[in-house]
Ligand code: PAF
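Taking the form predicted alone, here's one chain by itself in structure tokens.
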């Protein structure tokens, strides 16, 4: 199977490294200089899977890529449409597009570009930290769950599962990928924006009374919306789950906090912003998530303002 991975971030490089063991893998990068560097140096990995290196093809020119069988989207959610439009001509009749992104709405955006029948949703518990270009730390190992939004399991989906497993990425198929994506969204709703605003590691959120209360309220709002939409979450007590994740990943720097520290745009619109928008459409108040969204957006637009 010929696999195209869009985005050489932590997760993109991690999956590229593992999949290159058994398949032909190409990474598409928007940065020509970085693409050349990773292509020449390869992907370096350290961490729980050991210290090793993978040689993969990397390009910044989609015109050099021939038709592919599977596209993995590993860019930030706000870049999804632009990235996919670059390779739309490579998506053939039997090509599938799999999203490994955070937040909610990516499946729908991809479906608008290539057709909903070609889209595969995914949730992964693999953890990776980008140390430098093409150099990552494999920080957490866990299963990846894939599935179609309509719950169907075609032969191609089973083939992808087998390829991932053969490559060392523990993978299973779910008929309710929507429930899994929502379950992960609720965890991100409780953690990401709060860490970005307070600049605290995940574990500290449950140690302070103020942040613990805000976390609880943000999660409660999201759960109300999930229940209204009849989304089946994978845990009975969402708040307890989010708190447990904070403790289990106590020293982690969330992806949104990493973006803030690097003065980059965040994925707030696809996480807490989703809760606010869906709350408005369903008539459910989301005051805490609204405040979190506005604060993160204010931080984004005020990076270069100095305190006098």
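Numbering follows the first chain given and starts at 1. Only a predicted model underlies this, so the values are computations on that prediction, with no experimental measurement involved.
This next part talks about the form predicted together with this ligand, which is not shown.
For the candidate spot formed by 184, 202 and 255, every residue has a non-hydrogen atom within 4.5 angstroms of this ligand in the predicted bound form. In the predicted bound form, residue 60 stays away from this ligand, with no heavy atom inside 4.5 Å.
Not displayed here, this ligand is kept clear of residue 278 by more than 4.5 Å at the level of heavy atoms in the predicted bound form. Using a 4.5 angstroms limit between non-hydrogen atoms, residue 39 is distant from this ligand in the predicted bound form. With a 4.5 Å cutoff on heavy atoms, residue 80 does not count as touching this ligand in the predicted bound form; it lies far away.
Only one segment in the set 244-252, 41-49, 27-35, 63-71 has residues whose heavy atoms sit within 4.5 Å of this ligand in the predicted bound form; it is 244-252. Between this ligand and the residues 129, 102, 220, 174, the one pair within 4.5 Å by heavy atoms in the predicted bound form involves 102.
Shown here without this ligand, the chain has 187, 188, 191, 192, 202 in 187-223 lying with a heavy atom within 4.5 Å of that partner in the predicted bound form.
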